[in-house]
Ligand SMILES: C[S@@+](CC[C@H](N)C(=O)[O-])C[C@H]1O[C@@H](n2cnc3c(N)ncnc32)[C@H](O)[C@@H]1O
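In the form predicted alone, a lone chain appears below as structure tokens.
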């Protein structure tokens, strides 16, 4: 293994990178000494970056003493100092200006209904007349900075004006941001050129590129009809889903869950069942809507039940939500009757069922058997053909709504059915 004293410059560079990852006592002192004697221009940036990766007060002090000798070192210093600078603080909203919100595609109307005075803008985006508080059906709040022709990234950045001081108060009078390019495939060089242009454009406007310690995202989004630049503030902690202290694989996004829970809502005293409850997110979001609901969750996975139990307790809902280990396709696992069913059905193979058709068939059968007249159930899955075929054969259940939801890059089918 090469060391910082290696005769080979490449060996010293490799040693610096490894020490940055490993850290430990004496690591900062060793890198500081090595940097003081290092004369090879392409090795020094790696040593500087290693100090930033180690972090802490000692590394921060060492980085403050370094004078860059080249453009590469200047960039390495910028990144390393940013990494050890700590969280961005001293920011707050200024007033209640109109904003946009990103919402789940296919559920825009649900987000609008929750917000009250919102309006539809385009797929995944709604407009709000003032900054809202506590909305659960939105991903983020955002401000539109500029629009340009499709894939005209550089031209749109060049003419963008970010009047961020109208919306955000900063104690330092600068706004650190993290830059991103979304929905576009470009080479690394093309991205770096665009980032360099963004720094040149936005620095005079009081924005500082700070990818490790930032108060807002500056997102260039390549939509089919236009290039759009959004400012997405991130300085305000999002505590809406703090109950999610445990998680399991393939868990539903909590914003999507908050939307879905509203689609079957039948009343304040409803009895609600989730036959494949996972970590309990759908149950919790439904319980938060109405204080009189009583909810039951079933899952075949002990890991999922442990996660759901912890989340239910963290949400303060243990008196109303009961989760139990069992097979959602087993009639004995279900209550004798219910008013609502929320089923985020598994998309993949399960050990208890060689194919999903059997599991889906049994769950739909249990819904038809236990759902009270006028009660509603939601089925959420990528396996559209299976669900459609089952519902056609189940006379007691009438499909009252069908839609597609896009989440995590996947298009998911959603059916709301009602018991006649």
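The shown structure was predicted, so the numbers you read here are calculated from the model rather than taken from an experiment. Numbering follows the first chain given and starts at 1.
There is another form of this protein, the form predicted together with this ligand, and it is not shown here; the text below is about that form.
What stretch, of 199 to 207, 171 to 179, 246 to 254, 119 to 127, brings heavy atoms to within 4.5 Å of this ligand in the predicted bound form? Looking at the partner contacts, the answer comes out as 246 to 254.
If you check 277, 137, 284, 218 against this ligand in the predicted bound form, which one has a heavy atom within 4.5 Å? Only one option qualifies, and that one is 277.
If you check 321, 304, 273, 80 against this ligand in the predicted bound form, which one has a heavy atom within 4.5 Å? Spelling it out, the residue with a heavy atom inside the cut-off is 304.
Quick one: is residue 150 in contact with this ligand in the predicted bound form, heavy atoms, 4.5 Å cut-off? Taking the distances in the predicted bound form, the answer for residue 150 is no, it never comes within 4.5 Å of this ligand.
Answer with yes or no whether residue 327 is in contact with this ligand in the predicted bound form, where contact means some heavy atom within 4.5 Å. Residue 327 belongs to the contact set for this ligand.
Residue-level contact is defined here as any heavy atom of the residue lying within 4.5 Å of this ligand in the predicted bound form; does residue 359 satisfy this criterion? It does: once this ligand is placed as it appears in the predicted bound form, residue 359 has a heavy atom within 4.5 Å of it.
This ligand contact at residue 299 in the predicted bound form, heavy atom, 4.5 Å: Answer yes; at least one heavy atom of residue 299 falls within 4.5 Å of this ligand in the predicted bound form.
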